[in-house]
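So this first bit is one chain, no partners, the form predicted on its own, shown in C-alpha cells.
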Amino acid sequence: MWGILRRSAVDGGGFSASSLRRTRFALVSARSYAAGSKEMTVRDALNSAIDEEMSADPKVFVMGEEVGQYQGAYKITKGLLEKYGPERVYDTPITEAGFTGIGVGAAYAGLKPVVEFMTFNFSMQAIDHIINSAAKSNYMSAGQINVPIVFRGPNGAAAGVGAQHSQCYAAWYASVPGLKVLAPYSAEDARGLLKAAIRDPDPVVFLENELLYGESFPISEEALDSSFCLPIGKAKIEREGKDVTITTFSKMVGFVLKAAEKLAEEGISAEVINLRSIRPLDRATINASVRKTSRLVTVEEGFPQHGVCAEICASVVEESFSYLDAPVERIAGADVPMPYAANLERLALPQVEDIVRAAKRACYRSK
C-alpha cells in the first residue's frame, strides 16, 4: 500500500489519449443498449469494468476485505490480483474505518481507489470517512482538493441474512451533498455506471445488489467496448407507457417490469423508469413522464420514511402537481427492521402484486 501512496500523484505523460477516451460518454436517451444479442452477468460486467479501468489508468487500484487472494466475497475482483499484483489489489484487515480512511487519503494524493465493502451495512463503520473526509473536502477546500474514490459493494436485502445485513442505504447517502450515488440494475447499468464512477473526480457511492450478481442480461457490442460509459445523473426509460409512471432502481426494476406486464394484460400502459442515479436525481425525466401519464407510483426496498420515493413524490408535487390526475403512490419496504424468517422477510419487501395494486389504484381501476 505504501508503495502505491508513494506513486506520483501527477503523472506528466501518457494520459492524453486516455483522457480523451474518458470524455466519450454513451448517449442513452435515444436508444437502449439492452437490445444486444450477447448476454453478460452483472458480476462479469462489474469485473470487466474494473479490469478495463485499471488497465487504462495506473492510478486506479482496488482495496477491501478478501478482494485479492480470495478474489472477492462475491468474485467481483476475480483475476485482478494475478493480473495487477498486490500493490494494486490490496487485501485489508477487517477494519472498515481503517481501510476507508487510507483510501480517502490516497484519493487526496491523486490516486483513484475503488473501495469494496463486503456489504454496505458494514460501511457504517466508515461513515465518518465517507461523509466528513470524502464528501465535504472539495467544498471545504474551495475546490482545491478532489476526492476521486468509489465506495462499492452489495446494498439492500439479500435473502435470510437478518436486519443488520439487509438495509438499503440509498436514501442515507443520497442526502449528503458532495456524494454521487448510483444503483445499477442490469449488466449494461453495472458496466457503464461503474466506469463512469471510477473516472469521476468526486466520491461515488456505488450500490449493487447481491441477488443480481448472477443474473444475465442482454448486452450490445457498443456496451462491451472499452470506451463505453453511462452518464451520471441520467435515468433510463425501460418501458414506455401512457397511463402511469412507475419509478424504481436496482433489483426492484425487475419487479416493476413484471408488474408492467401484468398491468398490460388489464389494459394499463405503464411507463417504467430505471433511476440508475439516485444523486444526482434525473428530475427532468421523471417529471416529463408524469406530465405525459398524469400518474405516479414510486417503488423502493428501503424504509418509507425520508426515502428515495418520498423525494421523488416531493419533486413531482413541486414541479408537476397540476398534471396529476390521482394521488401519488409510494411502495416501500415495511417500517421495521428486516425479519429473518423467510415468510416475514417477503412481507417486509415490495412484491409484484403490491406494485400492480398501487398502479391500479392510481388509474382508478382497483376493485
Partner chain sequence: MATSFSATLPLHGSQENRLLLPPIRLAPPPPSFLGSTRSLTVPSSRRLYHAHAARRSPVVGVQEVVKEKKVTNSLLITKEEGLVLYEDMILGRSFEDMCAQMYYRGKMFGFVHLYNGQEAVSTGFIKLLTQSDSVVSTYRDHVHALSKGVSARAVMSELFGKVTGCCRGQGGSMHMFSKEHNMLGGFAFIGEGIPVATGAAFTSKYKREVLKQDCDDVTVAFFGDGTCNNGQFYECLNMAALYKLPIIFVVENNLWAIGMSHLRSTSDPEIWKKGPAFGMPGVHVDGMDVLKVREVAKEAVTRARRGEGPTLVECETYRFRGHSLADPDELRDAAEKAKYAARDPITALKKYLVENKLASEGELKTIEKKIDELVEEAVEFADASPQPGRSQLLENVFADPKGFGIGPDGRYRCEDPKFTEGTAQV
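Positions refer to the first chain, counted from 1. As the structure is a prediction and not an experimental result, all values here were calculated from the model.
Not pictured, yet referred to below: the form predicted in complex with the partner chain.
For the options G79, G98, G160, G214, the residue carrying a heavy atom within 4.5 angstroms of the partner chain in the predicted bound form is G98. The listed set T92, N287, N121, Q71 contains one residue whose heavy atoms approach the partner chain in the predicted bound form to within 4.5 Å, identified as T92. Heavy atoms of P218 never reach within 4.5 Å of the partner chain in the predicted bound form, leaving it off the interface.
The partner chain in the predicted bound form comes within 4.5 Å of a heavy atom belonging to S141. Using a 4.5 Å cutoff between non-hydrogen atoms, H165 does not count as a contact of the partner chain in the predicted bound form. For the chain shown alone, S294 is not a contact residue for the partner chain in the predicted bound form, no non-hydrogen atom being within 4.5 angstroms. Proximity to the partner chain in the predicted bound form, taken as heavy atoms within 4.5 Å, picks out 98 to 106 from the listed stretches 166 to 174, 245 to 253, 261 to 269, 98 to 106. Using a 4.5 Å cut-off on any heavy atom, the residues of 212 to 240 that reach the partner chain in the predicted bound form are, in sequence order, S226, S227, C229, L230, P231, I232, G233, K234.
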